[in-house]
Structure formats: structure tokens, C-alpha cells
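One chain follows as C-alpha cells, the form predicted on its own.
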């Protein structure tokens, strides 16, 4: 075991490569269905997927369009000129014997992603590049068998590989970065970004060095992580593993490692290849891409408000980190909040509605996009839910004393399921508060007559006693009395 003092003398440095599956209808270079979730093995394939001689790739224009959208979401430079290359390696899941990717001239260049950590710390992670490439197939290894099975349904799926600079220095920040990338890709609507189906996969490159050292240590790459917890856990484990090796005087080797989720540890897979091992060469069958600035600007104009912009708009409401991130993380709630802010400048309305939306999107009414389930959320899937006008109307009813906060929450739940006028619904449910003084006076008189000790305590200055009296009135009114009005009447009678 390594003690905490020793661990504190080292700094971890992390860079993350994220593979994002673009949500095109067909594959990157062939007109074959790109959605193979329920397909039989080796059924959504073409001759190109098998690498048959004479087959030629044709670039899917929509994949390029989505890559440019993603580049804007990453605050990145979009290159006017980009081209494809062949990355050679021999593995059963890639019959071509190479992967078509972008080595020298990627479509998306340098960018940056800003993180807001739960601790309040702000971190900026630079993006080195994001390049378009085709995915490989999938190998499965039946337990107890001496063979593997090859499924090429995934071969040729369009990917965008987002490569960060080594700007991450904690497991917490690594997890936050993975979550933020997921948000950005969903907001930009370029990917389903569903971790359950492998729409996003993370490769974590981690090294250690003594604090204050100007040189980075030897890195290990942990590949194919498909959950935020795994990104955080493997970063912590690998940091401790490398520190122990260093402290024991052993050499840290550059290698590719896997993550065993059940044992919560990494394991060696193979020595890490360098660029020269792949024998990159220009792809001869796909012409270079030349974009106009006009096209790049048009694509930028397609994007909605992004997570960072929404966080800025929510700042005046002084929400907790959890409240804010729950709303930002649930695309329907975030879109609704934007509508509310555009229609009402009243901060009281905005905060009250934000609280409702946080509750509604936290899983009480409809599960938020956990992205580790079979559901495939999308920014475009925003139908349903209460209208912004009705949410504002409901907030005003609370402000005017027509509804209690508890009753308003009940109405909010129902109109989120099926939009309707909150005033009419509150009447149907018999939730409108009693604010008529004549009726309340009778209830207060009865409560005070039947609770003489509470009245005496209140006269002696024991403020807690008023709660008991208000509670009795609420009981008499079946929860419909306006508590503020009741308190005012009680104090006026003393």
C-alpha cells in the first residue's frame, strides 16, 4: 500500500481520446445501414466492409457535416483543407488490413473545453484535434472456447476521434471531461452518445511525475472505457499503480492496458505502438476535402445554445451545482428553461421553475438520459412537457397565494406529463388555496378555541406555538388554507 503522503508528492497527467459514433443513416464510406443495434451478426455489411478487391470508398457527406458541427461545439478551428490516410494494422476485425482515418490533415483542429468541477474549480482542457475515421468490427471471445467470433456490422461506422492535450490532473477532472464531451455531442446533435451501445468510448492516457517536474512520465493507455465511473476509477487505480512501481524502483513501460470493472483494476494487453508502427500513407481512393468559410459559418449557425451558455444564464438563480447540472444534463429541461428565461425576466419565477425542472428531470417523473441504458436521447426529441407559458403562469399562482408550493409541485408534475392550463387543472384537483378572510377567520377561531395552551404559549413569546395553530387550520381546511394569511389573522387576534 502507498500512503497518502507519498501519493500527494506525485502529480497525475491525463489525456483522453474519445471515439464518438456519428449518427448518420449509413456508414462512412458505403451505403449500408449504420444502425446495427438489433441486427444479426454480419448482416449490415457490404463488400467494402469485407475488404473485397475492387471496392472503392465514397465519403458520406453527412458524416462530414456532423464532424464540423462537433468541431464548433468543441470551440475548435475547422480546417478548410483536410484529407484521409491509411493506418495499417492486421487484426481479424479489420479485413481491409488498414483503417481509413485522418493523420496529417484532420477536419477539426485545435479547440478547448471548459469544465466546472463539483469542488468549484474551473479547468480548461485543450483539444489537440478531432479527426474522422471508420470503426473496426467487433470480436467476441466465447468462454471456454479456443476461437473468437468476428462481427463486421460495426466495421465502417463513422467515428470522430477527439484528442485532448494532457491538461487533466485528477480523476475527478477526467470524469468531468468525459461527461462534458458527452453533453457537447448531444447538444450539437451529432451522436446519440449512448454509452450502453458504445456510441462514445474513452481511451485514457495517464502518466505520473514528481510534483514540480517539468518532464512527463511514461504513459499507459487504458482503452475502451464506456462509463464515467470507469474513467474516474481507472485513473485513480492507474495513478496508484504507477506510483508504487516508481517508488519500488521499477520501470514504467509504455503499454496498452484494459480495465477489469469487476476487479476495479487495469491489466496489461500489449506494448503501445507509435505512429511509425502503423505505416501511415495518404488514402489514394478519397480526394481531399476543401471547405469554404461560408459553409463552416452556416454549420456554426445551426447549433443551439450550448451547455456553457445555459450555465451562464442560470448563474443569477444561485442554484446548487447538482441542481444546475441536472437541468443542463437533461436536454428537454434545459430547452424549457431557455424558453422560460426568454419569456420572463422575473428571477423569482425563473428560480421556482428551475427547481421544478430539476425535480422533474432528476428521475421522479421521467428518467433523465443516463446514457448507460438502451434509451437513445436526442436534442431533437423535445416533444411533450409543459409549455413555458404555463410554467410561468403556475409560478405566478404560487406568488399570488393561489397555490401552495406543494400543490404547485403536484400541478407541475401533471402538466409536464400532459400540457394544460394550470389554473383549470388546479381547480379540477381542488387545490386552490383558501384566501378568503371570512372563511379563514372561522377556522382560526376554531383552532384557537381548541388549542388554548398554544395560544397562551404564543402570548408568552414562544414563537413555535404559531406553527401548531397554523397546522390545525391547515388540517381544518384540508391543506387548502393560505398559511401566510392564516398567520396574519392569528397575530391580529392576539
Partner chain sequence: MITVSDLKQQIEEGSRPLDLVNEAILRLQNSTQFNTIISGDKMFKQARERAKLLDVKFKTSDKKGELYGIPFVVKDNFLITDTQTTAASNILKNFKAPYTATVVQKLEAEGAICIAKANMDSFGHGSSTENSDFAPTLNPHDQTRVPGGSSGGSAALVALGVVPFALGTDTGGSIRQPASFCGVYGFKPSYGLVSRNGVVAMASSTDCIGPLASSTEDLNLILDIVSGEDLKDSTTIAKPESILSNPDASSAKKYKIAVVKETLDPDLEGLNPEVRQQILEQITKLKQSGVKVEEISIPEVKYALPAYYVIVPAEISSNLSRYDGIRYGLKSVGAKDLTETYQKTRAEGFNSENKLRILIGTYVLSSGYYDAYYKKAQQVRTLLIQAFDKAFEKYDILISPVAPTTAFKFGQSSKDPLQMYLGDIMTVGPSLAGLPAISVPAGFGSTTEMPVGLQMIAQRAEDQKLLNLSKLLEENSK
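Residue numbers count along the first chain shown, from 1. Treat the numbers as computed from the prediction; the structure is a model and nothing was measured.
Omitted from view is the form predicted in complex with its partner chain, to which the following refers.
S.K.: Please state whether all three residues 52, 86 and 98 have a non-hydrogen atom within 4.5 angstroms of its partner chain in the predicted bound form.
M.R.: Affirmative, all three are within 4.5 Å.
S.K.: Using a 4.5 Å cut on heavy atoms, which of 118, 316, 282, 142 is close to its partner chain in the predicted bound form?
M.R.: Checked against the cut-off, the match is 282.
S.K.: Could you spot which one of 40, 429, 456, 56 gets a heavy atom to within 4.5 Å of its partner chain in the predicted bound form?
M.R.: Among 40, 429, 456, 56, a heavy atom within 4.5 Å of its partner chain in the predicted bound form occurs only for 56.
S.K.: Heavy atoms within 4.5 Å of its partner chain in the predicted bound form: which stretch in 32 to 40, 439 to 447, 56 to 64, 462 to 470 meets that?
M.R.: Going through the listed ranges, the match is 56 to 64.
S.K.: So, residue 277 and its partner chain: in the predicted bound form, are they within 4.5 Å at any heavy atom pair?
M.R.: Yes, residue 277 sits close enough to its partner chain in the predicted bound form that at least one of its heavy atoms falls within 4.5 Å.
S.K.: May I ask you to check whether residue 321 falls inside a 4.5 Å heavy atom distance of its partner chain in the predicted bound form?
M.R.: Because no heavy atom of residue 321 falls inside 4.5 Å of its partner chain in the predicted bound form, the answer is no.
S.K.: Would you check, heavy atoms only and a 4.5 Å threshold, whether residue 91 touches its partner chain in the predicted bound form?
M.R.: Yes.
S.K.: Wondering, does residue 397 line up within 4.5 Å of its partner chain in the predicted bound form on heavy atoms?
M.R.: Contact check for residue 397: no, nothing within 4.5 Å of its partner chain in the predicted bound form.
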